[in-house]
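Take a look at this single chain, the form predicted alone, given in C-alpha cells.
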C-alpha cells in the first residue's frame, strides 16, 4: 500500500470515529473529583502549556483570582504572589480531557460538566459558563465575580446536577445539530442551543428542585442565553475531536487552542505534541471606548469548535453572527465555503440549510492548509490585554501558517522517510 493510500485510509478512519461519537451530558461534579491530573494546587488553563512568566494579562489575572476562590490566597495580590512562587502547578486543559473558554481556567473546586460517549466511555469536561460582564474567563476579578462563582458552586451546579441525573443524560450533539438550523454557529452564537438545552432540562428541574431554585437557575441561564451553551458545545466538540487521535498516518488536526500568548495545534498522527506560533490579534467590533490597542492576542480553547466543523466553519448557518464579529452577512457563506478547501470531509450531523443542508467542513488536513496557504478561520471574543477589565469586543482571525508548516515537516519526518 502506498503512503498516499495509507493517509487516505487513516483520514477515513478518523472521520468515521468522529461521526460515531454521541456526547451525552451525564453529570456535574467538582473538577478535583473527576478531571484527570487535577490536584489541590493545580490550575489548568486554555491553550498549549505555558509558564507563568509568559502568560497574558487576562490569564494571570484569572489565575490570581481563582486562587482566592480556592482559599489558597486571601486577596488578589496574594494570588499573584502565590502564582509566581512556583508552588502552583499549571498545565493545558486539553492535555487533561478538558476545555475552557477564553482564559479557560479550571481549578479543583470549580464544578464541571461531564460529557460521555456511551460507546467508548470516554469523557470530556468543562466549567459552567459565568455569563456576561466582568467574569473570570476574561481575567476579570471583583467581589461580584467571587460571589457569582460561589453561587455557581453552591446553587447552580447542585440544582442542575440533580436534574441531569434525573434526565438519565441529555444528548448535546442533537442540541448542537438543531441549533445550526436555528441560527447558531455554536461558538460565538449559542442562543438557540441554550434554549434547546432549557427545553430539555426544565421538566427535570421541576421534578427535582423547589420553585425558588428553578426560578433562580432558569433566570440565570435565560439572561445568558447567548453564551451559556458554549460550555456544553466545547466539551461536546472535545469528545468528538479526541476520537480521531493517535491514528498512524493521519494528518488531521485534533486540537487548536490559544492562551493569549501562543496558539497551538495537535495532529492525530503526531501524538500529544503541540506545534505553536504567536497568538494572533483579532479584527472585529469593539465595545464603546475600546480599540485594537487595548486588545489581548487571541485566547481560549473554544476553537475546538472549528476543529470539528462548527463555529467559524459553520458561519453560513448563522449570518446574524456578523452583527457581533463584523463583516457582511454574505461573507458568512463565503467563509464557510473556503473551509471546505482545507478539510477532508463533510459532517452529516451538522448541516447548513442555506447550503442545501450540506454537512459542515470537517477534518482540517495540515497538508491542504500548507499547500493552499489557507488556514482555519476563527470567530472569537476579544479580551482586554490587562487583567480585571474583561471582554471588550469580538471578531475574526485566522490561525497562523507557521505552526502548520512545522507540523507537516514533523509528519514528513515520521512517515515519509
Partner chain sequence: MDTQIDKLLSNGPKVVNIGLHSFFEAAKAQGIPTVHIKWEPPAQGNQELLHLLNELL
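Positions refer to the first chain, counted from 1. Please read all numbers here as calculations on a predicted model, not as lab measurements.
Same protein, other form: the form predicted in complex with the partner chain, not shown, and the subject of what follows.
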Could you confirm whether residue 398 comes within 4.5 Å of the partner chain in the predicted complex, counting heavy atoms only?
no
Find out whether any non-hydrogen atom of residue 408 is located within 4.5 angstroms of the partner chain in the predicted complex, and reply yes or no.
yes
Any of the heavy atoms of residue 26 lying within 4.5 Å of the partner chain in the predicted complex?
no
Find out whether any non-hydrogen atom of residue 367 is located within 4.5 angstroms of the partner chain in the predicted complex, and reply yes or no.
yes
At 4.5 Å between heavy atoms, only one of the stretches 46-54, 29-37, 65-73, 372-380 reaches the partner chain in the predicted complex; which one is it?
372-380
Taking the partner chain in the predicted complex, which residues along 48-62 bring a heavy atom to within 4.5 Å of it?
none
